[in-house]
Ligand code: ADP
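This document starts with one chain, in the form predicted on its own, laid out as structure tokens.
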Amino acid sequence: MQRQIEAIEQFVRTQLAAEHSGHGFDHIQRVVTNARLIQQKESAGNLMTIILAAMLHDVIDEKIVPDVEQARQKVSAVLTDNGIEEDQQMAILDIIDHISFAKNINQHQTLSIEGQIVQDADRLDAIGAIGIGRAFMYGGAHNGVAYDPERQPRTELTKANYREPATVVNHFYEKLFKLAATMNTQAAREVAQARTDFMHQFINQYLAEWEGQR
């Protein structure tokens, strides 16, 4: 098991070596750690499936790779090469095909318990202090605007408008403040609320400084 994890980890590290928008290998490491902790607290799911899905979840993401199908074939090949059985491969691919926020905007995707844990682990890394840093990293990498008082947050996100340009501060109101309510597990919900409270404090301070109040 450990040999397989290490080999697939090296594959992921190589695939994400040039990723600097908040979805690099450091993000993967934190998601794996989050997933392990949630699995331990919930005493649920197949740990190997959870670890590998957490490790691979961004390797075929449309915002990371230019050709999703080609990237998916690479993932299948590396799983096969490392002796992962077909049924477990299918479980892992089903998770990484359906956990993203974008895939769940228009229609909520049904996930296995392993998928729920990986989704929670990924979303936990999008909030709190690290989430704040990642949000500004992503905005900077995509020529985004940090804040514009003339641009109001969108009241509704759809799959069609989700990738449209938005300010980083608006992203907190449109998505990040809402993630705590989407957590699947009690273990993740407990962490998510504290991280969300911290983000509210940060944005309140940010807006006050913008107005020269503090």
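Note that residue numbering begins at 1 and tracks the sequence as displayed. For clarity, every value in this text was computed on a predicted model and none was experimentally measured.
One more form of this protein, predicted in complex with the named molecule, exists but is not displayed; see below.
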| query | finding |
| --- | --- |
| Residues R36, T185 and R189 all lining the named molecule in the predicted bound form, heavy atom within 4.5 Å | no |
| Option from 95 to 103, 69 to 77, 108 to 116, 82 to 90 whose residues, in the predicted bound form, bring a heavy atom within 4.5 Å of the named molecule | 95 to 103 |
| In the predicted bound form, A126 touching the named molecule (heavy atom, 4.5 Å) | yes |
| Touches the named molecule in the predicted bound form: K63 (any heavy atom, 4.5 Å) | yes |
| Distance check, R195 to the named molecule in the predicted bound form, heavy atom within 4.5 Å | no |
| Residue contact check: D122 to the named molecule in the predicted bound form, 4.5 Å heavy atom | yes |
| Partner-contacting position among V59, L176, I51, I28 - heavy atom within 4.5 Å of the named molecule in the predicted bound form | L176 |
| Partner contacts in the predicted bound form for 146 to 167 (non-hydrogen atom within 4.5 angstroms of the named molecule) | Y162, R163, A166 |
